[in-house]
Structure formats: structure tokens, C-alpha cells
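Shown below, as C-alpha cells, is a lone chain in the form predicted on its own; questions about how it binds or moves come after it.
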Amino acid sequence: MDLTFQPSMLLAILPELGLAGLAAIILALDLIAKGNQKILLGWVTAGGLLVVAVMAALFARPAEQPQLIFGGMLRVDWPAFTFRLIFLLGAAVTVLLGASEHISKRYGEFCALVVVSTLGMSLMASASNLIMLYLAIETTSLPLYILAGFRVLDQKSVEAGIKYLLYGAMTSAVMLYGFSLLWGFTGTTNLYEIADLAKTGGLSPLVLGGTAMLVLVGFGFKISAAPFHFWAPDVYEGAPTPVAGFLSTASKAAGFAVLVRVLMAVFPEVASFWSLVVGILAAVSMVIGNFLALAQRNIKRLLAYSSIAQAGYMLVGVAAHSAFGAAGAVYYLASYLVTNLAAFGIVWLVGREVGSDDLDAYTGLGRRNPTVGLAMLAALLSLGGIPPLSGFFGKLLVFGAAVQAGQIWLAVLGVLTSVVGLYYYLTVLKIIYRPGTDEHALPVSASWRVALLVCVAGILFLGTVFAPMYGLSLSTAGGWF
């Protein structure tokens, strides 16, 4: 492997350098800003993330052939490029939603933590070395633990942060044990060198299968797939609502990016084994997530169980073990990002004005603010997979990949559980459009309007203009196969 440093390597990590610089700028401005001026940090952060995205699109596009840089620590390819853009969009929407959260005194710290976590996610998506991968996961996770418990005077928020930390540490330890076994059996930490040893018979299928199971524990936690979902309802309920949205979207996308890269790169020789395991995880996630959501009366817990079910749908594409399935999972992730962030943005608005996250608090929302009601309608129907919204094409792609791979049972189960999911989404919509006693309009901030507009536009765009994102999804999948 060529260990020579090339100046072009700096261009490849320009987005990561930009994120590190942006975090430093935010902390410096936070020392200067006073009172209500801190709210401007949200616009600075969102603008900075947009600049980083433009830098990535112009200067950090991958070449036709994937490249390993910095001694094989990072891999420049289409999956890394695509997921960077997904993370940046999720972070920008989150900081705009957080501008109106009751955290104004520490809003600079909030924005900086989101940016640092995004930096970790970006490194996760491009890591090609076990050491770099673990460091990237911890760079992502530590700020998220703090953000989950950011409202230190709120007992539920503190509880969410502690639970997330403890469960995260436990699953990270299991995953790290799997990493250590891979290194011990192969003598290398580079994912693609491990793959070469597996192809030449240097690793037995038993070793590969065992380590794959250990690694899946850590990644299953990151994407909140059953049976590693136990943390999600409590953490989503207690965390600040913008943080819950960030956890359910960008953090989940990072977990999927790493999961697919590691499975495709390190374990292709036991693909039939892990494909079955991932298929079972998908089935369990779809069933548990959808059926437990039926009993929820708290909207954040309902969306948490919905998130578990959505992870199951994405895993259907991974279980297919094909470029078509991987492309479907990427498309689903992009759709889910804008959809769930829109839903959590509206949950934050209602929770702030009404002081409750119970479903009854949404009675008459469609009359109080018709625009917000329509946005929630679009988000929930997209989660339910109704055309012409983006969620329909996501489900169509992953279920089609399952059928193509001969996993018809998984596709049928996905369709049936989607019907269950649609039931509780429609239940929420029925409450929203039920006549209520309070007819006062809900006041919204400019930053909240911009964030919601971006998300709703994304839902409609991905559902009606199919080709561009699908083409990018295919390019992304090609980088894994």
C-alpha cells in the first residue's frame, strides 16, 4: 500500500477540514455573542454547512476508481460522497430547528456539538480501517450522548442522555471485541486487506460468521434495529426534539453507511449467512416497530417505534445483497431523512406551544395552522409509503430488491407491516383534522419555517423527480460492490 502523502489528499478531506473549522468558528462566536444574538449562530452554522456541502460537491467528488488515502485509513468513493451530503443536510435542518429550542444560553455549544458529530459521521462513511472506524464512531457518539441530555434541568432529558451513554458503551464494547478478533486473526486493521485474506482462504467461515455477528450488534444499535432498539423510545422521548430528529435520521444513516461497507468489504465470503441474519433483523424490526407503535399515546415514542420499523425496511434492501437493494436502501435513507426531520420539527412546535407530546395535543392542528397540518400530512403519508411522496419509491425499491433476490417472504411481510404502519399514521392525521376547542394559530420562527420548507420540498422532490436521486443511489451502491 502506498503510504506517500499527496496534496490531493487534502482535497479529499476538505469537507471534514471545513467541519472542524466551522466548529471552531462557532465556539469563537459564541464567546462574543450576547443574549438573543446567539440565535444568529444557527444561521451561521447552517450557512457554514451549506458552504461545506458546496465544497464537497465541487472539490471532493470521487474519481471513477475508489482510492485509499492516508495509509489506507480512508476510502474516497461514491458512498462516502453521498452520505456526506445526507449528513450535512440533516445537521443544517437540526440546527435551524434547535434555534427555537429552550437552549438559547448554550446554543453555541449545541451547534458545535452537532457539527462535531457530523464530522464523525462523515469519517464513518469513508473509514476503511478498523481503528479509524472506531474513532469515527466515538467522535459521532460522544456529542450525541451530550445532546440527548442537553436540557440538564429536565429529568427526562438527563435520563435519556445517561441511558443512551450506557447502552451505547455496552454495544460499542461488543463491536470493538469483534474488531479485535478480526485484527487478531488477520494481523491487519484495513478492511480491504481483511477481505483479501478471506477470499484466499486465510479466514475460516466460522471465524467470519462469528465476528460478523459481534459487529452487527454495534451497528444494530446505531440504526435502532430490533432487538437492539430498546434505547430508542426512552431516548427520543427525553431528548430535545431536534436532537431526537437528528438521532433518528443522520445518526441512523451513518450506521447504515458503515454497516453496508463492512459487510460488503469484509464478509463477502459469508454473504449467504449475514444476508439471512440481516433479513431476520429486518423482519423483527418491522413487526416489533409497527405493532408496538399502535399502543403509543406519546407522539415521540410513536415516532421512535416508527423509526425502528423504518430501519427494518431499509435492512430489507441490505439483506438482498445486490446493487439494486443497496441503491434502494440509500434512496430510502434520503427520503427518510427529510420526512422524519419534518415530523420531528412539527412535534417540537406543538410541544412548545401546547406543553405536551400526547396525541391529544394535536387535536385541531389542521385548523390552527393549515400549513403545518399539510406538512404533517405529507410527512406521515410519506412514512406510510403513499404515492406520489418519497416514501413510496423507497419502499418500492427495497421490496423490489427483495423479490429479485428471491426473498419474497420478506417483501410480503414488509407490505403487510406497512399496512399496520399506515393505520397509526392515519390515526394521528385523524386527530390532527378533528375539530378542536383552541383555534389560535401557532407562531413559528423564521429558522423553523426554512427548515420545514426544505424538508417538505425534499419529500415532494424525491417523490416526483425520481431519476436524479436514484442515479446517485446507483452510483453509491456501485462503490460497495
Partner chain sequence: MIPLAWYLIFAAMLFCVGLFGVLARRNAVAILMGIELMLNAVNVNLLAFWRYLWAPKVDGQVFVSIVLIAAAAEAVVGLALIISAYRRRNTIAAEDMDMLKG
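Quick caveat, the model's predicted, so the values are computed rather than measured. Numbering follows the first chain given and starts at 1.
Just so it is clear, the following notes concern the form predicted together with the partner chain, a form of the same protein that is not shown.
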Closest heavy atom of L165 to the partner chain in the predicted bound form, within 4.5 Å or not? yes
Just to confirm, K156 within 4.5 Å of the partner chain in the predicted bound form by heavy atoms? yes
In the predicted bound form, is there a heavy atom of the partner chain that lies within 4.5 Å of any heavy atom of Y362, even though the partner is absent here? no
Wondering, does I280 line up within 4.5 Å of the partner chain in the predicted bound form on heavy atoms? no
With the partner absent here, would I146, Y177 and T186 each sit within 4.5 Å of the partner chain in the predicted bound form, counting heavy atoms only? yes
Heavy atom within 4.5 Å of the partner chain in the predicted bound form - residue from E269, D357, D234, E353: D234
The listed residue (L142, V403, L396, L374) that reaches within 4.5 Å of the partner chain in the predicted bound form by any heavy atom is L142
Heavy atoms within 4.5 Å of the partner chain in the predicted bound form: which of the stretches 157 to 165, 385 to 393, 282 to 290, 321 to 329 has them? 157 to 165
For the stretch 125 to 154, return the residues whose heavy atoms include at least one within 4.5 Å of the partner chain in the predicted bound form, in the order they occur. L130, I131, Y134, L135, E138, L142, Y145, I146, G149, V152, L153
